[in-house]
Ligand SMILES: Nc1ncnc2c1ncn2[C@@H]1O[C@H](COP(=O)(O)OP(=O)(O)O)[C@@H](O)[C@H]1O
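Here's a solo chain for you in structure tokens, the form predicted alone.
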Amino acid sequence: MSLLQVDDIHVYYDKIHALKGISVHVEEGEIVTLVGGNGAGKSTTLRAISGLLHPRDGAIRFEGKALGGLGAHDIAALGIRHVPEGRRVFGRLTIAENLDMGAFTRRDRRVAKDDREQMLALFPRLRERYRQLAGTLSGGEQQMLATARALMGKPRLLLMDEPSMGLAPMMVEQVFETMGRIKAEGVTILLVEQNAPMALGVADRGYVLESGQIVLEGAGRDLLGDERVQRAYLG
């Protein structure tokens, strides 16, 4: 049984058919990436998994449990956390308060305090700015905070949407390096990313989306070397 199984889902925005039978699976311990151009359906797929959108047809299962009809907060409590495109940190709250918000589904507050310390070890820049308002952080620092906030929920599966968007090249490298450390801690990652070379370079497997459909899938390294992917996404 896969950790996450998405079977033939169809998602609409009013009359616009955004996802046209998407099927993906994610195994425990993997990094799986969705790549494709703007409007391909990558972010929509993540939003459907996390409960922000509801497919009209198809099924999504997490650890064998059907997610249909569940709200986003219920899905978060099951162990799926979403780091959205654009970070969306709480700008008027401090780093410390943002991290506390990430633990909102947890009852083990003492353990959550230990996990906060673990997040500050994973992202030392956040420790340096611990009492700073999140809205005053740089884009890269906000991405660190958004990721740390999601990890405070102790997810089994982390959904990451365009984590490198708008970041300087050095910060992009740090973001992808951190993904490797997160995976080593036992967290499975489903990644949406327009930076196809970086995404496929770290991914165990990948899917290529076009116009709401999957047109290619395979091992990350294989897709990286595929001539069709190179022409379309790698220049």
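Remember, predicted model here, so these are calculated numbers, not experimental data. One rule holds for the numbers: they count along the sequence shown, beginning at 1.
Omitted here: the form predicted in complex with the ligand. The next part is about that form.
- Contact check for G166: no non-hydrogen atom falls within 4.5 Å of the ligand in the model of the complex.
- Contact between I49 and the ligand in the model of the complex is not found at the 4.5 Å heavy atom cutoff.
- Though the partner is left out of this view, S43 does reach within 4.5 Å of the ligand in the model of the complex, counting heavy atoms only.
- For the chain shown alone, G201 is not a contact residue for the ligand in the model of the complex, no non-hydrogen atom being within 4.5 angstroms.
- Listed stretches are 34 to 42, 56 to 64, 167 to 175, 180 to 188; the contact stretch with the ligand in the model of the complex is 34 to 42, by a heavy atom cutoff of 4.5 Å.
- A18 is the sole member of I9, L224, I214, A18 with a non-hydrogen atom lying within 4.5 angstroms of the ligand in the model of the complex.
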